[in-house]
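Listed next as structure tokens is one chain, alone, in the form predicted alone.
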């Protein structure tokens, strides 16, 4: 009779071994999160940064245009998968060592040390790397333990119990990781709301509130809160910097390198400015357009110190997260080094401790987590230019149609914001018949500053569905271009249009 019993081969991996390896990778990533939180010391963070840098420009452009802000979920999911796969690989090697040497302890030690070494090399945090290495060693030990019945693969029950244990460990690690992320520093250290708003900022915010139009629909006011303000970064994990450790270095074509710290910055003349930012990658009627009151100091005096002759024509501005943008020095001279937002410290996600604001330019030029300004004699491509974008120029004029609401009196209210960078907004025109005739909309009073949006509102008596079109005229008298274009490569442009119905206050996209 043919022997059909499957015999256990010590130096050969089984399906259960592969399962234990996968569980080891999963708990290794969870262990790293438990000790590091959702920070740049988490093993996934450096991998995510590498994935972002390695993604080809055409792929980046496609994701921004077709997937939008949800695209970051794909690269972070890929980064998680890579981290789990790498640590699962260390457990696999450990199990092979255990099988071939018939010494489970040797395999466990090898897997644990290898996992710890890889996590330490990735994160540059040897102590925190233990959070990733120890769980890998533990689950490798479970998988490498001798089978309950010699000559056979480990039991299904052991695999099920181990799977449940792994899920439990992940849940506990998630709780610890949230505690670490939430307790990484005080508000003053990490940015954000940390005290009373200073009097000058409070006065400006009151002025903005007084200038806001009385709009029934869901349209933001003239100052965006921390939560409302859009946020776009090249990677998922923000730099975690302290004001005490921060410095800005001027390098390149300078007589002598100059470095200033946070205390030096505060000794310079302080200003409060309304500044609006618009994302170059947003849709034509998207919501990545916001305004805040920023506190900081002009950058021009510092540039005059390091380049007194004004010989350098352009500059590369670099950030702590490896982001970099190049544009003419004359644009940078109008810039602003900001350390406050709406009367509070900058939130970490908006560039704490210091960021750059460049009036009238796309949001991508307003570098967060500022670390270096390199003066150049010749132009060089910035981060997005290397990927095919051309968004460092002045912003396109736009009038947004963000609300169409049926009022209690039966009229319909149309409302939104308009923005044209430093050119300003002279008026907004609305058509309710597809562009055949136009009516001036009501505009909010202009706020002080050269780079600020305005609200607009128009009320009319509807009788049927209407094809609404809105357009803006900037402060130089130029009409917003009608021809529509996508965000790539130089920012979305065109007139915003929408079909609205008095029976449906939300309208229907056209």
Ligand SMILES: Nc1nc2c(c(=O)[nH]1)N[C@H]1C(S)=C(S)[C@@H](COP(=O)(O)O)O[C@H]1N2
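Just so it is clear, the structure is predicted and the values come from calculations on it, not from any experiment. Residue numbers count along the first chain shown, from 1.
Quick note: we don't show the form predicted in complex with the named molecule, though the next part is all about it.
Contact check for residue 340: no non-hydrogen atom falls within 4.5 Å of the named molecule in the predicted complex. Not displayed here, the named molecule is kept clear of residue 272 by more than 4.5 Å at the level of heavy atoms in the predicted complex.
The named molecule in the predicted complex comes within 4.5 Å of a heavy atom belonging to residue 355.
Shown alone here, residue 363 lies within 4.5 Å of the named molecule in the predicted complex, counting heavy atoms only. Using a 4.5 Å heavy atom cutoff, none of 400, 426 and 447 lies near the named molecule in the predicted complex. With the named molecule left out of view, the stretch that reaches within 4.5 Å of it through heavy atoms in the predicted complex is, among 274 to 282, 137 to 145, 209 to 217, 75 to 83, 274 to 282.
Screening 250, 169, 110, 384 for any heavy atom within 4.5 Å of the named molecule in the predicted complex leaves a single hit, 384. Of the candidates 379, 233, 305, 200, 233 is the one whose heavy atoms come within 4.5 Å of the named molecule in the predicted complex; the others do not. Residues of 316 to 335 placing a heavy atom within 4.5 Å of the named molecule in the predicted complex, in sequence order: 319, 321, 323.
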